[in-house]
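Just one chain is shown here, as structure tokens, and it is the form predicted alone.
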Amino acid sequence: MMKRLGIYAALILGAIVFLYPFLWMLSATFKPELELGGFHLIPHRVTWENYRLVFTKIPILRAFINSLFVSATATTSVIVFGAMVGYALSRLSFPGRDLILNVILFTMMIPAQLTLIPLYTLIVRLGWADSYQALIVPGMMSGFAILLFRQFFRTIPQSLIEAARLDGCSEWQILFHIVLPLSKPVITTVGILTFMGMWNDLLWPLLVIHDRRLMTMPQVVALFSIGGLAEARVGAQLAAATLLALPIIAAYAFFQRTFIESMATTGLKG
């Protein structure tokens, strides 16, 4: 009994240590600037001035819509294409299958910074600079998503797939009507990780987007915080950062159970 109480106490202490900075940041967005030096969580005087400054200085709502559209479109594409390639690599036999898998694994080892210049050159030559295509198309495929789908699909009994083939189902029908409905955990994991990566990406949008109407949330928040629009007010900068983080926190909180289940069951063997 005492051992269990000690474990619970340690877990609660760890949760407080991890949660306190986020709670303080959220609380600081409602504090006057003079109160930010303290460590208390409850403001002595609640103010909305920090959020008012954010909404009046930058097009935060338009940036939110842009980020939501770009992230949702890219995430949907990664799930669909990742599932298709993962199914082919896990359940179909064709020449060069192992070579394709090795190439995909190799591309995952290349730092993204090495491909920035050639990718930017390609986007400019295609005339996609300052467009949604520049934000979405480079993120429509993911080697990591393909690997996760492949490994998860290998856990589905082969007898189920063979039975569907005997019933006359095509490979497309097997994938979209049998395999994917059984793959909710991995779909959720790929969706959350891809959405987070697209939502938080700052470097690539800074390179290809200069039109304020197409800027994403990280762009306008960076412009607000280091571009002088925040008027050196820490509370306003924290308010902008909070607005940027809230959608990701909400998505993870909503899908937390499925996300953890997938990470526990999706192995990397074989």
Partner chain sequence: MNRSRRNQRKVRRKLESIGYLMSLPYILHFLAFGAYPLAFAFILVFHKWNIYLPMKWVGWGNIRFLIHDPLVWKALWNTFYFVLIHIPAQLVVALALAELLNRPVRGRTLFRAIYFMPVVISGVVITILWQQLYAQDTGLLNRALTAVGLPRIPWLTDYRLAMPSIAVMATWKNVGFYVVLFLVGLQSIPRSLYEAAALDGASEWKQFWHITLPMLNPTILLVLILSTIGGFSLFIEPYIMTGGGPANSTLSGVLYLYKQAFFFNRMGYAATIGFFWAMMIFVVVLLQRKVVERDVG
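For the two forms, the rigid core is made up of the largest set of C-alpha atoms that agree within 1.5 Å on superposition. Given the structure is predicted, the values throughout are model-derived calculations rather than measurements. Numbering follows the first chain given and starts at 1.
Keep in mind the form predicted together with the partner chain is missing from the figure; the text below concerns it.
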Practice task
Note which of Leu116, Ala72, Ile178, Ala163 lies within 4.5 Å of the partner chain in the model of the complex, where distance is taken over heavy atoms; exactly one does.
Solution key: Leu116
Handout entry: Contact flag, Tyr87 vs the partner chain in the model of the complex, heavy atom cut 4.5 Å
Key = yes
Handout entry: Non-hydrogen atom contact Leu61 with the partner chain in the model of the complex at 4.5 angstroms
Key = no
Practice task
Would you check, heavy atoms only and a 4.5 Å threshold, whether His210 touches the partner chain in the model of the complex?
Solution key: yes
Practice task
Would you check, heavy atoms only and a 4.5 Å threshold, whether Phe22 touches the partner chain in the model of the complex?
Solution key: yes
Problem - Interface residues of 1-28 toward the partner chain, as seen in the model of the complex [heavy atoms, 4.5 Å] - result: Lys3, Arg4, Ile7, Tyr8, Ala10, Leu11, Ile12, Gly14, Ala15, Val17, Phe18, Leu19, Tyr20, Pro21, Phe22, Trp24, Met25
Problem - Core-aligned C-alpha movement of Leu41 between the shown form and the other one reaching 2 Å - result: yes
Problem - CA of Pro32, rigid core aligned, shift of 2 Å or more between the shown form and the other one - result: yes
